[in-house]
Structures are given as C-alpha cells and as structure tokens.
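Before any questions on how it binds or moves, here is one chain, the form predicted alone, in structure tokens.
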C-alpha cells in the first residue's frame, strides 16, 4: 500500500443498523479496522477510551445527533483534531455548509457511493498522516508542550512573566576531550549523553529550550505552569547524575572516557516566550533568574559539587532532600551575595 492508503482505525456512528453494517463492510474491504456506535453519546465514550484515525458520523440520530457530537469534539482538546466525515440523507447545501463550518472534514450523502467513499476516506487519512508527520518534525526540534502550543495557537514573538525554574548543565573539560578524541567519537558520545539527560528532564516535566555546544538550558514551569517546578527541576538534576553514572559505566566498558558535569538551578520570575525573528526563533526564558542559574552552574567548578541550587529554588523543596548550604557567594554582575546549596 502507498502511504496515502495505509489502513486506519475507523469509528462508524449511525443509529440505523443496516447503514452501520454496509459502511463497516465497505471500510473493511478497503483494509481498515472498524468500531461502531449507535448515537453521539456512545461515540464520545468510545473516542475517549480508544484512538481513532477517522469518524464517519451520521447527522440524524437520537440521544445526541451528529451536529451536537461534532460540536462536542471541537470543544474537547483531546478530540479537536479528529478527522470527521459527516454522512446524511440530507442533500441540502445548508446542512453541508453547517458541518464544514463546524469543523467536519467532508460530507457524504446516503446511500453512499463506494468509490466516492474510498476517495474521501483516503484523502482524510492522508491529511491526518501529514499532520502527524508535521507534529513529529516539530517535536524533533521542540518539546511536546511547545509543539502542541504551536499547533494550537500558531507562532508569535513575545513573552509573559512567569514564576519558573531554570537549569543549566555543562560537561567539564569538554575542550580537552575535543582536542584528544576523534570528532566522530565526540559526536556519538554527545548524542548518547544528551539522550539520557533530556530524558531525565522530560520525565520531570521540563523543557530543553537551548542547546549550547556541550551544555544546555532547561526550563520547568513554562510554557505549562507547574506549582512544584522547583522540586521537579532538582529531582531532574538528581536523575541526571544517576544516569550519568550509568553512561560512564558504559563508556568504560566500551573503552571510552568518563565525563563529569555541573548543574546549576535557580527559581524566580522571568520572561518566557519566543525570542528571535519571524524567520528564526526559539522558545526560551530571559531575566535575572536565568543569569543566576548560569552563574551557579559555573560555580560548580569552584565548589566541586555537581548540583548546586539558589535560595529561591531551595525554598520549594521537601524536607527529606539532602541539602547542604555552601554559604553566600557574590557572582559576577551581581551586587548582593546569594546563598547557594549543594544537593545530593
């Protein structure tokens, strides 16, 4: 089969048993799998319990008609992007226009022509395939949260003030590693390292907003607000150190070099949003809190501790975490001393 004709999972919604049987028979002959519902309410229950590529929805039904069901889908964030083809014996322009304006993908008049049905179904599946591919491309270069926001609201430069936590992480002595190892080896090592670190961050709800050579910046609490963003960031940092031990064990087994990292975390107000130009932009955060996190990460080299956090990040942590005050430090560019803490 070509990509446009890959089989899909279909939901057929019609109160007439004969219509359901005929439609599912045609769809199954095309290679698709099908489920059925007798009204809109039953259809919504099935849509929330299973994933479908396309719904063929009758208009005139008891309990909940097709218009009401389509409206409910468009008002539900989980179902908003579902492809829907309306089916009806009403061959009226007003009905067709109403369905399309409400967000239906297409409209078919009963009795259904099998050739036309196949063409409309294949076209809808191809649009879904392209949309899914677009999402995957977005998520290659952005986190799921940023990708979903772009798909929902589009792109616009600017930002808003948020209370969040920023993390900077960096590999120690990376310049020396680069000088003494083949670039291909370094490239492969970085890919493996970043995969583990990014996984730890994403699992704690963080967003990797910038890749800075051998280091990166991550944000917790934006674009999706999270009340426990401080704890999530610190636990992500601890997860990263555990994963680093695993990474280094594999490196040694394969004759590679162990690496060390420094992690700096700060919490507080910042501006979060898209910065750059209409042609090229990134989702990131700026402000004094971000600068402090970068300074704390640099200070890990002096303190010789892998994970250090600022005072505001410390304020949001549970009592069972092992935290040690390292005293106050006057960082470059700041006039007042800042108390910092080692974690772990």
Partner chain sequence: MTSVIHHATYDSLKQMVGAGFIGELVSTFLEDAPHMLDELRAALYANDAETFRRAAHSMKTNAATFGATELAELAKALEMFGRSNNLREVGNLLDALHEAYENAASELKGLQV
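Computed from a prediction, not measured in an experiment: that's the story for all the values here. Rigid core: the largest C-alpha set superposing within 1.5 Å between the two forms. Residue numbers count along the first chain shown, from 1.
Keep in mind that the form predicted together with its partner chain is missing from the display, and what follows is about it.
Q: Decide whether residue 98 counts as a contact residue for its partner chain in the predicted bound form under a heavy atom distance cut-off of 4.5 Å.
A: Looking in the predicted bound form, residue contacts with its partner chain do not include residue 98, since no heavy atom lies within 4.5 Å.
Q: Is residue 114 part of the interface with its partner chain in the predicted bound form - any heavy atom within 4.5 Å?
A: Output for residue 114 is yes: heavy atoms within 4.5 Å of its partner chain.
Q: Is it the case that residue 110, even though its partner is missing from this view, gets within 4.5 Å of its partner chain in the predicted bound form, heavy atoms only?
A: Contact with its partner chain, yes.
Q: If you check in the predicted bound form, is residue 91 within 4.5 Å of its partner chain, heavy atoms only?
A: Residue-level check for residue 91: yes, a contact with its partner chain.
Q: Whether 54, 118 and 131 jointly form a contact site for its partner chain in the predicted bound form is the question; each needs a heavy atom within 4.5 Å.
A: No: no residue has a heavy atom within 4.5 Å of the partner.
Q: Of these, 17, 332, 322, 9, which has a heavy atom no more than 4.5 Å from its partner chain in the predicted bound form?
A: After the contact test, the surviving option is 17.
Q: Just to confirm the contact call: exactly one of 36-44, 58-66, 282-290, 301-309 touches its partner chain in the predicted bound form at a 4.5 Å heavy atom cutoff, so which is it?
A: Of the options given, it is 58-66.
Q: Looking at its partner chain in the predicted bound form, which residues in 308-344 have at least one heavy atom within 4.5 Å of it?
A: The stretch does not touch the partner at all.
Q: Is residue 60 one of the residues whose C-alpha moves 2 Å or more between this form and the one not shown after the core fit?
A: Residue 60 C-alpha, core-superposed: shift of 2 Å or more.
Q: Using a rigid core alignment, state whether the CA of residue 117 is displaced by 2 Å or more between this form and the one not shown.
A: Superposed on the core, residue 117 moves its C-alpha 2 Å or more between this form and the one not shown.
Q: 2 Å or more on the CA of residue 330 between this form and the one not shown, with the rigid core superposed, yes or no?
A: For residue 330, whose C-alpha is compared between this form and the one not shown after core superposition, the shift is less than 2 Å.
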